[in-house]
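Presented below, as structure tokens, is a lone chain in the form predicted alone.
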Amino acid sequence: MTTIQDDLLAPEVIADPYTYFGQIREEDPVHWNSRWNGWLVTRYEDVVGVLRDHDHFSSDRMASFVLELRPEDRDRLSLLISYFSKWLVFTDPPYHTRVRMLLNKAFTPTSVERLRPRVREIIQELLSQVEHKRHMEFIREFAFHLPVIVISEYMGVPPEDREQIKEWSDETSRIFFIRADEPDRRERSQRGLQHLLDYFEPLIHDRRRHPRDDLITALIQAEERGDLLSDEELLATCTVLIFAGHETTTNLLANGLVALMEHHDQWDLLHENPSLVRPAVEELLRYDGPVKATFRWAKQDVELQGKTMREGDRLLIVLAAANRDPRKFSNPEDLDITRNPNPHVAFGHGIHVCLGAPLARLEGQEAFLALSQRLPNIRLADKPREYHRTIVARALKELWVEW
């Protein structure tokens, strides 16, 4: 076995995670990374197994996070710990089961599908603003705006507040999308969260008195056998939805466009066959999805692929490696927008599968449909591409295109 270097933020790993994690998947599929101080799980079967096994593996990121902190830091970051402990993605059953059931009452596939005409309208407006220019920085001028506008309108955030909300959300995200050059990321994350809480508290209070046709009102009214979300749970849910509702979709759009431009036969196929847009989005999610990995920790000693994980050990579940596992996907390094079936794990798996997946899919479908029909000769500009140095996200800093 060749030596595997353990710097997850090395330039070559950030630029091409698939080669790096692919080597680990084939040579040491459950790999101890001494630098990160945890296990990397890379094969599809193991990734799905861990994500489904709630008896042995916990999603409670804050419980693990607290153990990493000194007592004085726990006090200093108490707000962050308190609210992130209520974020659905960081919770285990039975709390997760109860809150997810209530959120499912509000965040329904039907309510998401009703947004499709408006999403289509927003996309056409955004393209009309840039079409005459013959070029754009795709993230700043399109991929950023679409999901921010959609989630803001869906939730009931006034248009004039969107930019500020996005700014605070980006600050909040710093603790998750670990960037090597930000030693104060925890403090900045807590400040961003405080701003979001201060913003949503009066908004929730207003919707209690004056209900509207928006997601915040639906969350307030969501009921299951007499159970309702508490004020703290509502606040935590609003902050996670506004954060999760734009960050990953922006990455899906940018990564997806790069993949299609680098496989122009697939772009041409989509242009000629718009009905392929749904399987195309699934394949873009598999091929170069917005999230490289997610987190778990062992609740008790457990064995996986002959390796013993001790209670408290943390795991990086590498979705990017699972989505290119040749044991599950034929020709996994090829982009094939007709691929069927396509059981990728870009949105996770099991009870923690992404709540916003239907909305991300809808936005991706409408965006790539519009781009392929309205700007069929779009191409990547001859400029270097650089990704943010994060362990979790697959996120381009900018993406210049021309037509």
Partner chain sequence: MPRRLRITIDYNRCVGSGICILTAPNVFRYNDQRQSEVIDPDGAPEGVVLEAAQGCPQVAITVEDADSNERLFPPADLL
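Values in this document were obtained by computation on a predicted structure and should not be read as measured data. Residue numbers count along the first chain shown, from 1.
Separately, the form predicted in complex with the partner chain exists; it is not shown, and the next lines address it.
*Asks:* Any of the heavy atoms of residue 82 lying within 4.5 Å of the partner chain in the predicted complex?
*Replies:* Output for residue 82 is no: heavy atoms all beyond 4.5 Å of the partner chain.
*Asks:* Given that the partner is absent here, does residue 166 sit within 4.5 Å of the partner chain in the predicted complex, heavy atoms only?
*Replies:* Residue-level check for residue 166: no, no contact with the partner chain.
*Asks:* Report yes if any heavy atom of residue 351 sits within 4.5 Å of a heavy atom of the partner chain in the predicted complex; otherwise report no.
*Replies:* Heavy-atom contact with the partner chain at 4.5 Å: present for residue 351.
*Asks:* Within a 4.5 Å heavy atom cut-off, is residue 330 in contact with the partner chain in the predicted complex?
*Replies:* The answer is no: residue 330 has no heavy atom within 4.5 Å of the partner chain.
*Asks:* If you check 55, 68, 45, 27 against the partner chain in the predicted complex, which one has a heavy atom within 4.5 Å?
*Replies:* Contact with the partner chain in the predicted complex is made by 55 alone.
*Asks:* Quick one: of 264, 105, 135, 140, which gets a non-hydrogen atom within 4.5 angstroms of the partner chain in the predicted complex?
*Replies:* Of the listed residues, the single hit is 105.
*Asks:* Identify whether the partner chain in the predicted complex is within 4.5 Å of every residue in the set 5, 308 and 326, based on non-hydrogen atoms.
*Replies:* No: no residue has a heavy atom within 4.5 Å of the partner.
*Asks:* Of these, 70-78, 107-115, 287-295, 145-153, which stretch puts a heavy atom within 4.5 angstroms of the partner chain in the predicted complex?
*Replies:* After filtering at 4.5 Å, what remains is 107-115.
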